[in-house]
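Take a look at this one chain, the form predicted alone, written out in structure tokens.
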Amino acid sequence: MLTAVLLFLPLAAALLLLVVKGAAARALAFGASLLEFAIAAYAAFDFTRHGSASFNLNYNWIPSAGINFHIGLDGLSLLMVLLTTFLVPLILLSAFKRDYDNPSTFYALVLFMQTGLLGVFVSLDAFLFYFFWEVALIPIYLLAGAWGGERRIAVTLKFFLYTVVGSLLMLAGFVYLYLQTGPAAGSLAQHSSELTAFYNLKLSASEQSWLFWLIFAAFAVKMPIFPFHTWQPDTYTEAPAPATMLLSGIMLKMGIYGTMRWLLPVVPLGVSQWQKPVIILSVIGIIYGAIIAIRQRDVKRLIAYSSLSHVGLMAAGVFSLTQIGLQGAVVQMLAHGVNVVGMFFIADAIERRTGTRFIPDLGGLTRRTPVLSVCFLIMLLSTVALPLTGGFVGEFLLLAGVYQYNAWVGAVAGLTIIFSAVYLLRMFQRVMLGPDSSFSETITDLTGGELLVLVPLIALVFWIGLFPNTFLHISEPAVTNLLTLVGR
């Protein structure tokens, strides 16, 4: 029952926001998001005591077709739920710093998207998973298309086409898998779309080979990995800052989570066959994203390419099919979500004060913004993977996993740390420490409201970095079970 409350509370608040206007809309949106996080935190506490059984909810949705409304939590999905419910209140707080047209609708779309994201993470039925996968796309398309930059229409259309095509391919794969299943116990339907039914299928190597690409297409686009990434930099740049945070901080995790939950255990022979090409594409994405980031002159676009580079390492860690690589992907999903939201928030704070994100136009900002400078540096160093920060733990485990797969591939993937230090530290030097600009004497420091966004992010940066076992112990049983299914 608690899982259902987690899933539908944001939806109920979103529907209320359609009739609530003015300052009450902000209070309702933020209050609902805080309540959602409190429920998720309680669920995590209860999970550590009683395990996952009490979070399983299974109702016949379409009995004649064997499709169930089946939701539940294990360690992997619980961490994604915690990440989502932790970040959404902060993203809403960040949105309060700008005056958006029709704010009630804006906040409603954010909460509606939260429902879609949570649905993806808790679904244990293939068609329910696909339903929420598509639900999460609608609000982000509207957020980017209605409140984005000058090129928003063309950019969001490209994003929509990429994701829809990938989703339809995944649906085709799910339909084929569904038709291979038999009836579930006690069901009159001829087939079942239950996740466990997909896990239990005995498919040939040739079937799994082409099914791999049907399903992986949707996940590869959503992450994204090279060469399915071309929608990402433009969408991150043109979307309003809160939408960019949703996309980069949470939505790309859908692709990594889906790969771990739905791809690796369902088509293990296909994964084994295509493991090497996917890891090569992931490593290409690491290097490509980093090199392009070095050449960027727009702060937001630089962060977008940095995210592409780091996601490539996460994908490589997942496809290393090692315990340490998969655990590293879990921790890095958390760390990356925190880091990238913090970085995009700081980029937005600078743009609100100066009217520009163009690096050559900025410089010497640290003189009058010591608090902004410190917060910026902490988030940046976590992204660079400085020891004692969350970014270090995730990247260390990922690199160890890739190294176990292949030492040379691990060495090349490790360049991500060197490259990220180059482009991020150089950007910080030019923006904050470089020669004085026209904004050096007029820019103001962070306000209390902005610190309410950044302080929780910074706290989690150090929590993950100093006490990673808090999260690793939660995800370890789920990761071990996934590897058992892959190796069966």
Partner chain sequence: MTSIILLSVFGILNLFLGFLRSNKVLLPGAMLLLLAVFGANFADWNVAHAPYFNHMLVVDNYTVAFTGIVLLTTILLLPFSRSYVTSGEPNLAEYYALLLFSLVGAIMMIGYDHLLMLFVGIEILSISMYVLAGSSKRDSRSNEAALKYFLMGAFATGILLFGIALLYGATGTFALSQLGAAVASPANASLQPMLYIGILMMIIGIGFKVSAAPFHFWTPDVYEGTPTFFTAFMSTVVKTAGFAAFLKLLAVALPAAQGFWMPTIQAMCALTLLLGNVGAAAQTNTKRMLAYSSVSHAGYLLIGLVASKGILTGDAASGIFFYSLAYSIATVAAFGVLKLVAEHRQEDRYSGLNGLGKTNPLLAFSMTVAMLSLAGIPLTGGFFGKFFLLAAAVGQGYIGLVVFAVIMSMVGLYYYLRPIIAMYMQPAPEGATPVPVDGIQTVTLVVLALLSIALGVVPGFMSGIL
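Numbering follows the first chain given and starts at 1. Note that the structure is a prediction, hence the values are computed from the model and not measured.
The same protein has a further form, the form predicted in complex with the partner chain, not shown here; the description that follows concerns it.
Remark: Phe462 does not count among the residues lining the partner chain in the model of the complex, judged by a heavy atom distance of 4.5 Å or less. Taking the partner from the other structure, the partner chain in the model of the complex has no heavy atom within 4.5 Å of any heavy atom of Leu92.
Contact check for Trp231: no non-hydrogen atom falls within 4.5 Å of the partner chain in the model of the complex. Contact annotation for Phe345: none of its heavy atoms lies within 4.5 Å of the partner chain in the model of the complex.
The partner is not drawn, yet in the model of the complex one stretch among 369 to 377, 345 to 353, 129 to 137, 221 to 229 has residues with heavy atoms inside 4.5 Å of the partner chain: 129 to 137. This chain is drawn without the partner chain; in the model of the complex, the residue among Leu201, Ile153, Val412, Ile284 with a heavy atom within 4.5 Å of it is Ile153. With the partner removed from view, the residue among Tyr141, Tyr305, Phe396, Tyr405 that has a non-hydrogen atom within 4.5 Å of the partner chain in the model of the complex turns out to be Tyr141.
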